[in-house]
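Just one chain is shown here, as structure tokens, and it is the form predicted on its own.
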């Protein structure tokens, strides 16, 4: 057992509720919660902000090395992330930044730099970490691993409704296309492709609401802990 408890990995495709599920489970356990995608998005934001071409290997790698992360645990279990002393907040969730994040994440050396920073955060346990390759690459020795999935159409529909509720006027086909492109890049990249760990518990969330997914994950954790 790690110093502060288990390390629980939740991987899967975009839009499957990994963050909401992870945060809820972490709060139940009294653990911290970290979305590793936020760290990739932080790199993407810096690349976007500095007008660096996402396929410019050396420039992206240099940007990754320069990133400095600090985290402050919040009452809802999430770890509030500061990048070079700044909380980027909603800036990380611009669609353009998400698209750049998927592109810079194919940079193997930049990924390794960020992975070391992620390991520094999670190695003592007492944390739920979600992402694309937490259980396969970052922490293959995680105590328990989950992989959440859903159809691209269902995930696009969820994102469409989310944006509508935020007062925006989204385009469903554009959202679906971006999700399909992101899935393809994530699953076909040479370094740490998106796939379930061999010992992951796979949950298809297509026909489940958020609470049902949380309940399913919680039941498995309770079974493991007993």
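Numbering follows the first chain given and starts at 1. Since this is a predicted model, take the numbers as computed values, not measurements.
We do not show the form predicted together with 2'-deoxycytidine-5'-monophosphate, though everything after this point is about it.
Although the partner is absent here, residue 102 sits close enough that one of its heavy atoms falls within 4.5 Å of 2'-deoxycytidine-5'-monophosphate in the predicted complex. When 2'-deoxycytidine-5'-monophosphate is considered in the predicted complex, residue 33 lies well away from it, no heavy atom lying within 4.5 Å.
Using a 4.5 angstroms limit between non-hydrogen atoms, residue 54 is distant from 2'-deoxycytidine-5'-monophosphate in the predicted complex. Residue contact with 2'-deoxycytidine-5'-monophosphate in the predicted complex: residue 98 places a heavy atom within 4.5 Å of it. None of 67-75, 81-89, 140-148, 105-113 except one has non-hydrogen atoms within 4.5 angstroms of 2'-deoxycytidine-5'-monophosphate in the predicted complex; the exception is 105-113.
Using a 4.5 Å heavy atom cutoff, 37, 132 and 186 all lie near 2'-deoxycytidine-5'-monophosphate in the predicted complex.
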